[in-house]
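Encoded as structure tokens, the following chain is the form predicted on its own, with no partner shown.
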Amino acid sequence: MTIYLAGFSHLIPFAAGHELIRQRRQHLTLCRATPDLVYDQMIAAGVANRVVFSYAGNPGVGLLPAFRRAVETGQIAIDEYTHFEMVARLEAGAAGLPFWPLRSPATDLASYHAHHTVVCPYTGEEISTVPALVPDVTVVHVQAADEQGNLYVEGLVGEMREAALAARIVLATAEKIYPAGSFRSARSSLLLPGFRVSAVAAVPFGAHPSYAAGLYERDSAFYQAWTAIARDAEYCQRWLEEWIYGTENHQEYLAKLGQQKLDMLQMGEPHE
């Protein structure tokens, strides 16, 4: 299956990614405009055999060691696009179109993946295209949902909406689920209406170690530590065994983190 874990800078669905690891899923195509630690962890766990992306890195820190190691050893294949091309692919998927027209690419990335042009029927101009991206499942994490499945987000949205609308199935995790009708006056925060969402679960701190704007901060200390963890393949597997396979669910993962760490993230205090 083709899976898209959405979220831009914040609201990255780490809890969902960890659950895919716990269930020992394999042979997935992982798509994301900005793969960061969550995909590095999933790749290290052997979840993926292909990654479709437009940037990969540990934000503000460096590279993704497990991702790089998997590419260099042939464990996974990659399809790399620009950010705009990735969004265009999702726009095509959301619109039910087979491709999306673009001006000629300004980079040489087009030479590394399937690239086709069409002739504009109005001007005769040759136009570059990118194929539609239609994930089998898109997973999003949001600050709030209601009992009807309506999803609400404050802060950066990135390509979350496009990734959801392009998908066949949308699964959501939410910091909290509220009674139906709780957000009727907050239409500007609506990410997706409930009729487009297949399932939603309440998962507090479901974005850790990334952040949820207005609720808790990024665990920057973990982002800094991840490079050393992932650089050594054996060390990385030990981390997965302790923190993912060794916890039955996200609640146990949070308990292992400790309430003091969670409280500090909620208060925005420095944490080590």
Partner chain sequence: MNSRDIMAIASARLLQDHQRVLVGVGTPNIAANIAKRLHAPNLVMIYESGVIDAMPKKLPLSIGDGTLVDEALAVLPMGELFSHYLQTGWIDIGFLGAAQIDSRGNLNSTVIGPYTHPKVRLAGSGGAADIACHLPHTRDRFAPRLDFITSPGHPRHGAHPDGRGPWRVVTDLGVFGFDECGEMVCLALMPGHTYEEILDHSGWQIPRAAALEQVPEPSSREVQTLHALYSTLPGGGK
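Positions refer to the first chain, counted from 1. Source: prediction; values computed, not measured.
There is also a form predicted together with the partner chain; it is not shown, and the following applies to it.
With respect to the partner chain in the predicted bound form, the three residues V137, E147 and G258 uniformly fall beyond 4.5 angstroms at the level of their nearest heavy atom.
The listed set I169, L102, L165, L190 contains one residue whose heavy atoms approach the partner chain in the predicted bound form to within 4.5 Å, identified as L102. With the partner omitted from this view, the residue of F53, W239, F222, Y245 that lies near the partner chain in the predicted bound form is F53 [heavy atom within 4.5 Å]. Although the partner is absent from this view, L156 contacts the partner chain in the predicted bound form, with a non-hydrogen atom inside 4.5 angstroms. Using a 4.5 angstroms limit between non-hydrogen atoms, K176 is distant from the partner chain in the predicted bound form.
Under a 4.5 angstroms non-hydrogen atom cutoff, the partner chain in the predicted bound form lacks R231 among its neighbouring residues.
Within 4.5 Å of some heavy atom of the partner chain in the predicted bound form lies at least one heavy atom of V87.
Checking 23 to 31, 199 to 207, 39 to 47, 62 to 70 against the partner chain in the predicted bound form, the stretch whose residues place heavy atoms within 4.5 Å of it is 62 to 70. Using a 4.5 Å cut-off on any heavy atom, the residues of 206 to 224 that reach the partner chain in the predicted bound form are, in sequence order, Y211, E217, R218, S220.
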